[in-house]
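In the form predicted on its own, a lone chain appears below as structure tokens.
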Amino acid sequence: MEPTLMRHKPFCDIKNLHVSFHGRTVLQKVNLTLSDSGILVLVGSSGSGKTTFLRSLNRLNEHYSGYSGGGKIELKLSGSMQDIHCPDLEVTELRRQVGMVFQTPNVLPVSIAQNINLPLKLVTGLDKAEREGRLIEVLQEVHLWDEVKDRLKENSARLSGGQQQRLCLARVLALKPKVLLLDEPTASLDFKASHKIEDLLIELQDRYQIIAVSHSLRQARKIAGQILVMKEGQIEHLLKKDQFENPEMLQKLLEDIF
């Protein structure tokens, strides 16, 4: 039976997903239906396939050397379920709608403002005034506007690590995605900055479908509406919030991860 949580409408349906690199299997026979029940957090030991699973959802694996794979993935984009491998859906449009933030902040080597404006100019048809409005909107959304509004022409490298990560998130949000993929978004941040990102994600979950990889069970329990446990390229458990808050289930979860 496929793992499923159907309290709400499904936003992701995966059938027989399998991925290999240079002949080494990373994901095998993944079948999964996900509902919009809050943030989905992927946990599991290193090498269990979490990041590869995440990259499958925006077809980023295809850019890596030695990739081979198959299966069917449908995501709820533009109000309806769409096959992400459909020829009518361009990869660039898929990645606009399924935005991704990585472990280490990857700010562009330009000003804070240009980090938002350049992608907007390249991808959207917004004019200058509309781009400026969008910039303010997303910097406010990630609670960065008050910290940088007088520094917009400064190089983004002068921001702290936590600020840079929020800028990366704002850059993705500026393109109006439907789904956010986060690959250990606090891995390179200190405790205080990590908590700020976690609180922000909890705020954003009502506006975006969020799927995040985490190595922190504390973080997973804090932000997750669902936890997906992966082991050796397969799904071990898909848990609702009341399940992973149960002490016995938590102990079982720890055993499966470690």
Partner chain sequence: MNKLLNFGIYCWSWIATLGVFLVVGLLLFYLLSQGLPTIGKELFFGDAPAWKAILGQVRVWDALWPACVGTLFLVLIAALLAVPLGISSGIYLACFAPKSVKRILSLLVELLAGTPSIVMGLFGFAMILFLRNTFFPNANTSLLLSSVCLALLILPYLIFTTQAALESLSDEYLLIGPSLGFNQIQTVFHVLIPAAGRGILSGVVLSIGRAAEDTAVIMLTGVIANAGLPQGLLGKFEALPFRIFYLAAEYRTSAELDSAYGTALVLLSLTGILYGGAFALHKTLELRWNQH
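Computed from a predicted structure; not experimentally measured. Numbering follows the first chain given and starts at 1.
This protein has a second form, the form predicted in complex with the partner chain, left out of what is shown; the following refers to that one.
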Can you work out whether the partner chain is within 4.5 angstroms of a heavy atom in all three of Leu60, Thr104 and Ser111 in the model of the complex?
yes
Within 4.5 Å of the partner chain in the model of the complex, counting heavy atoms only, one of 184-192, 139-147, 94-102, 73-81 shows up; tell me which.
94-102
If you check in the model of the complex, is Lys153 within 4.5 Å of the partner chain, heavy atoms only?
yes
My question is simply whether Arg171 lines the interface with the partner chain in the model of the complex - judged by any non-hydrogen atom within 4.5 Å.
yes
Check whether Gln163 has any heavy atom within 4.5 Å of a heavy atom of the partner chain in the model of the complex, and answer yes or no.
no
Would Val179 show up as a contact with the partner chain in the model of the complex if we use heavy atoms at 4.5 Å?
no
Interface residues of 137-151 toward the partner chain, as seen in the model of the complex [heavy atoms, 4.5 Å]
none
